[in-house]
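Only one chain is given next, in structure tokens, and it is the form predicted alone.
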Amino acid sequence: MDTKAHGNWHAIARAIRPETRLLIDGTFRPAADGATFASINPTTGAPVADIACGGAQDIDLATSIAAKRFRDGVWSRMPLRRRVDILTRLAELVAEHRETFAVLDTLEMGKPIAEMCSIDVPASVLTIRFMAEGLDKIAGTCPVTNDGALHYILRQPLGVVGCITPWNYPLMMAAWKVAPALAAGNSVVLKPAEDASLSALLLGRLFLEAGGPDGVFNVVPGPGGVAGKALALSHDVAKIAFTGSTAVGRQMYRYAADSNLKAVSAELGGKSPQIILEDVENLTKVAATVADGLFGNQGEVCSAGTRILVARPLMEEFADLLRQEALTRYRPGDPLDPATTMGPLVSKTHQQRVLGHIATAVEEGGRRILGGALDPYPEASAFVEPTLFTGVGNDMAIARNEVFGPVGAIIAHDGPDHAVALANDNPYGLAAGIWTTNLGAAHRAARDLECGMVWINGYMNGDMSQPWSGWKLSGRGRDKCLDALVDSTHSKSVWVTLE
């Protein structure tokens, strides 16, 4: 979608009156105890809205209603084509409200408006359409067995799916979790991140407008330690679909064990390597794409390629090229300006966390070749400039811990095998990139890298056919693709004795 002039986006932002109440059983309502929390604009430090703060009582109501609606069959047994039509209409409505969605996420978490218009909103529309189109492609099977029996296997919805989404891609992550769950016939309770809840509430309203039954899609903003915990512990919930930190992901599995052994899909953190081999061509072009994989969305991306593993003979040249590309392509600014390519981080708290990682890297001997000047930016804002370190060892904190900000570590390697060993020497395993002209080296590295996604001569490319998933501490979930739809169902074996 085309972006408007700078002033127009500010005018749209001023005119928006977002829904701030919980959505339960088709009705917007305050929290049971009347509590609210403030959503803060990380660009200015000013409040965006006071949002109803859902607690355990609200979650219990939402999950019980969702379970009742599932048992009633108002959605799970709705004629298939009718369910397709409603989800298709939901996708159309999201597209029609694209400006509002773009502004809401920009106001709450600082994402540049141009990125919202070119990535987040279109991807969300595509996700809902893909899942709607795919739901009649998920079929059971009828294995061949002996003459005296008929054996068939059904795929059926799970029941209630609790979706817990992060703040870095508020609308898109909600679509990734909610769309396959709804398409499969489940009821949903969505607990969005406190820092970015408004687009989720709008998505819930549009589901009702599209013809979705009351109580099938509920949205309950609130603190993770209260609302998220209650959702994960609920015996009415058959599955938790979670994206967030590894620490909280561990808790999701504990809550599942402590309740009803519900299924857990967890897409967690990352410390993804981008490997540049010595034979690569056009280093300038490679540096530009590596910069995008590192600094896009302010580095607040689980798959951000923050470990830049460079062949030792190319180190000095590539580090300088990457620095220049970062300076050219990523300068923090007003996220409602379509020319801005980097907004603030989501909050002052997160800004201080990222600055702490930078300080630790300096203390451990890293050489900062870019970043660190915060003086030009208002004190109330949460900006952090693109930051790059050289002189980094793979054992340093900056090379091992997820920063979730615009901070990259450039590390030397001594050939393909060494690069893969360095890449795998990390507890995370979400994604990796390989840059080379050697086809054999590329495929060997892709085979040997311990991660769920590998890009060769590119980074973060893909479409809806691509499973988005990780290994090791990056989780076990599947987003996008038909696997996400299948994972929102379970199988049932039916054995019929014919004689």
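Heads up: residue numbers just count along the shown sequence, starting at 1. All values derive from a computational prediction rather than experimental measurement.
Beyond what is shown, the protein has a form predicted in complex with a small molecule; the following relates to that form.
You can rule out all but one of 334 to 342, 165 to 173, 282 to 290, 150 to 158: in the predicted complex, only 165 to 173 has residues with a heavy atom within 4.5 Å of the small molecule. In the predicted complex, every residue of the candidate spot (192, 228 and 255) has a heavy atom lying within 4.5 Å of the small molecule. When the small molecule is considered in the predicted complex, only one residue from 430, 66, 434, 51 comes within 4.5 Å through any heavy atom, namely 430. Think of it this way: in the predicted complex, the small molecule has a heavy atom of just one of 245, 145, 360, 401 within 4.5 Å, and the residue is 245. In the predicted complex, the small molecule sits within 4.5 Å of a heavy atom belonging to residue 269. Using a 4.5 Å cutoff between non-hydrogen atoms, residue 302 counts as a contact of the small molecule in the predicted complex. Among residues of the shown chain, residue 468 is one whose heavy atoms approach the small molecule to within 4.5 Å in the predicted complex.
Although the partner is absent here, residue 224 is a contact residue: one of its heavy atoms lies within 4.5 angstroms of the small molecule in the predicted complex.
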